[in-house]
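Just the one chain here, laid out as structure tokens, in the form predicted alone.
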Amino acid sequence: MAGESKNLAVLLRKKGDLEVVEVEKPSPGENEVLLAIDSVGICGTDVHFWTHGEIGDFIVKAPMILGHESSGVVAALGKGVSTLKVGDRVAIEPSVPCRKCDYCKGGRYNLCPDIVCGSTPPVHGSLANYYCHAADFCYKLPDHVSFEEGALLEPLSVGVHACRRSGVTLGSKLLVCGAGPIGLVSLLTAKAMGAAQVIITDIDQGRLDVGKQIGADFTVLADSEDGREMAKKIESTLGCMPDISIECSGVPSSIQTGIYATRSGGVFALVGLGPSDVTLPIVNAAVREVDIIGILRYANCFPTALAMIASGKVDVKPLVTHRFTLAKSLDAFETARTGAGGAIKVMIKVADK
């Protein structure tokens, strides 16, 4: 097992200052497990904290271990843990709520005001040899589901939540704006949930090609920042206006495109996060009764995401384009930042074997 004698971690000391260092090996508290991490995917938020030092109100003020798309093996049990045993292979849901507030009791624990989110200042993430986590937010992986697939449950759960909240169902016609990892998992989820047709946009033809390979019915190159012009192009390509649009880039022009493109009475879901303030064609949305909804991570979606992968309904393996060892994590982050070599999902293999 990796890191038997030491605990290496990818530590963000401050904006732009990232390094692999040895940190203290943690011990599991009550109802926690100690995990020997195997695989960690790099998320765009990890890259953003590295390059900008902040996302909205979350500011890196002290050194923080990055990483929250993770899987590993249970190495030790804390007091009170009965649902897992040493040796279990698990995926980690990185955000742990209070379990007591009205939001938690109502099933929308992602809105819990006291939720603790890994790799979000000031909370350490899981890009390390060893990491402790709440046992009830670890999910056992079937033998045929790989550690990489386990790590990808986290972004896939975002797609599940986005599609659930926006009402994707049998026969839906869907627009996905942005063919990055979240856009692509939203595409995969929508098709698995019965969407009849999915059209996806991006500024990068290579990513559109991947979208086509994994199930998109149509692709449109976002070669204009004019939202109305792009909406007309989408309608012409799809043959109609989509029932639902899921925006995954956070780019203002793409948000505007999504609203203009959505059919009257349809749903527009905001998944991607960009500038704090964006100019929207709000009157256009209002007079056409386009419902604009927000998406914050996920709630009760990991079991569904795991079932989708385990059953073969969804194949996330093509999303992993680059792999690095823990020692090469700085190269991994640079690849994720630049998108070099057509990078989509960059995976770090933490375990030695």
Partner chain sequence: MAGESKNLAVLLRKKGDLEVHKSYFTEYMSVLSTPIFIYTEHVQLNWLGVTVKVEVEKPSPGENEVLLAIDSVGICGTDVHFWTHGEIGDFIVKAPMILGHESSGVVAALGKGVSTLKVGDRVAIEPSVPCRKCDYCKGGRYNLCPDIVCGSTPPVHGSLANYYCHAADFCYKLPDHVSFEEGALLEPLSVGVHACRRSGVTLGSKLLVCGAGPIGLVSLLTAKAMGAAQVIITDIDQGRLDVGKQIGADFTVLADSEDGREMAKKIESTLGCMPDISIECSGVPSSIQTGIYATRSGGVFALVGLGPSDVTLPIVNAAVREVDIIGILRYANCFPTALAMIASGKVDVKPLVTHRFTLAKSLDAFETARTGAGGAIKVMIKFKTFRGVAYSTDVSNFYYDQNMMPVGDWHPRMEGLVYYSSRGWVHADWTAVLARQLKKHYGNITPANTIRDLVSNVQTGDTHTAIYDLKN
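Predicted model only: the values in this text are computed from it and were never measured. Numbering follows the first chain given and starts at 1.
One more form of this protein should be noted, the form predicted together with the partner chain, which is absent from this view; the next part is about it.
A.B. asks: Considering 328, 48, 288, 313, which brings a non-hydrogen atom within 4.5 Å of the partner chain in the predicted bound form?
C.D. replies: After the contact test, the surviving option is 288.
A.B. asks: With the partner chain left out of view, choose which of 279, 236, 213, 82 has a non-hydrogen atom within 4.5 angstroms of it in the predicted bound form.
C.D. replies: Looking at 279, 236, 213, 82 one by one, just 279 meets the 4.5 Å heavy-atom criterion.
A.B. asks: Quick one: find which of 192-200, 265-273, 139-147, 117-125 has residues within 4.5 Å of the partner chain in the predicted bound form by heavy atom distance.
C.D. replies: Within 4.5 Å of the partner lies stretch 265-273.
A.B. asks: Please run the contact check for residue 89 against the partner chain in the predicted bound form: heavy atoms, 4.5 angstroms, yes or no?
C.D. replies: No, residue 89 is distant from the partner.
A.B. asks: Would residue 320 count as a contact of the partner chain in the predicted bound form, using a 4.5 angstroms cut-off between non-hydrogen atoms?
C.D. replies: Residue 320: no, not in contact with the partner chain in the predicted bound form.
A.B. asks: Would residue 130 sit within 4.5 Å of the partner chain in the predicted bound form, counting heavy atoms only?
C.D. replies: Output for residue 130 is no: heavy atoms all beyond 4.5 Å of the partner chain.
A.B. asks: Taking the shortest heavy atom distance, is residue 165 within 4.5 Å of the partner chain in the predicted bound form?
C.D. replies: Yes, contact at 4.5 Å.
A.B. asks: Can you name the residues of 294-331 that have a non-hydrogen atom within 4.5 angstroms of the partner chain in the predicted bound form?
C.D. replies: 294, 295, 296, in sequence order.
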